[in-house]
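The data below hold one chain only, encoded as structure tokens and taken in the form predicted on its own.
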């Protein structure tokens, strides 16, 4: 409780005021305080750059706060020790089969930083050590990944003395002869320009802006989203207004495990990550319930009755995840001592659910899913009651396209070339890899953008 209190006290102290009184003196302005923005700001500060981190919300973290279950990492010593190892080259080949348009060079570059990223976060105290698969590592006690990361990164950011300005919304970029010279912002009732030599857009995606979803990805318009309320495409629209090139803005990653309750959309992916299965209203599995392409998985889900399914787990899975325990306390889960009783509460045929669970437990025992070929997180044998079920539907998790950037994270112009001092990092970009893990990609891109600014400054 003491750590939580200290964090909340720090956050409160820096959330009560924006820029207001005086225009800050900034060599670089980072817009957005998710993982990409915080990493960029801290690297710039470490390099002696006078950096200002502005955030339109009253708190830091952006969509990173909502990262649910696991950190994407490949080829780490932790995975090797756990016997769940795949080489970076083999992982890239696997992704290429699933996503033919992926830029294998960019994906490989990102994944080669897996150990470095993981060690960095754990050095701050994130405690991401529980290996779930050959590409997933969760927090040791099953707490939500994003909140753990934001807490330790924001603490480190303030300890380094990075100037952080919440409640400060970027309205526009100021350019002269194709070079960014400032950022127009609103803080409270005041609007003014912050002069600067460099800008990093780390403003997140646009999944919480239905207008842009309808424009770019109409297939998924109207569905719920588990992203942050601040993910409204501000940086994307600002950059496009000044001639930035975009790519793959029609591509999003869906979340097949969205539970909506009292107007709140929550990702229940942790239930599948802990081995849970998805069943339809007939009480049967209908697909590989941990297929790595969540968008394809969502399409399979949409074909079921009511375009919904239940994720079913047992007490072993519940005990392993504090995140799931929190959702249970909120009343999201149905619970029963037997699968037959649970089925009645779900409104599915009891015999069908019992047979589904029995068959799946045999797959777990033998290490092979004969029905749908599930390979990841094939762990739950339904041997430990009570049993739980949660109703889910598809929703937008992240947007995968956006501002096109070069290898230095500089924003590419629509008519050719690039902006010399305008960068983008995180979900606001099209990164070439289709973001297998947004948190890991954000760390990587924020670091690259900052290092390029520092090289140019020296």
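Residue numbers count along the first chain shown, from 1. Predicted model only: the values in this text are computed from it and were never measured. The term rigid core refers to the maximal set of C-alpha atoms that superpose within 1.5 Å between the two forms.
Omitted from view is the form predicted together with a small molecule, to which the following refers.
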| item | value |
| --- | --- |
| Position in contact with the small molecule when the complex is considered in the predicted bound form, options 31, 389, 409, 51, heavy atoms within 4.5 Å | 31 |
| The small molecule contact at residue 257 in the predicted bound form, heavy atom, 4.5 Å | no |
| is_contact(residue 62, the small molecule) in the predicted bound form, heavy atom dist at most 4.5 Å | yes |
| In the predicted bound form, residue 422 touching the small molecule (heavy atom, 4.5 Å) | no |
| The small molecule contact at residue 55 in the predicted bound form, heavy atom, 4.5 Å | yes |
| Stretch in contact in the predicted bound form with the small molecule, which is absent here, among 226 to 234, 336 to 344, 284 to 292, 309 to 317 (heavy atoms within 4.5 Å) | 226 to 234 |
| Flag for residue 258, CA shift 2 Å or larger between the shown form and the other one after aligning core | yes |
| Yes/no, residue 154 Cα shift of 2 Å or more between the shown form and the other one with rigid core fixed | no |
| Threshold 2 Å Cα movement between the shown form and the other one at residue 294, rigid core reference | yes |
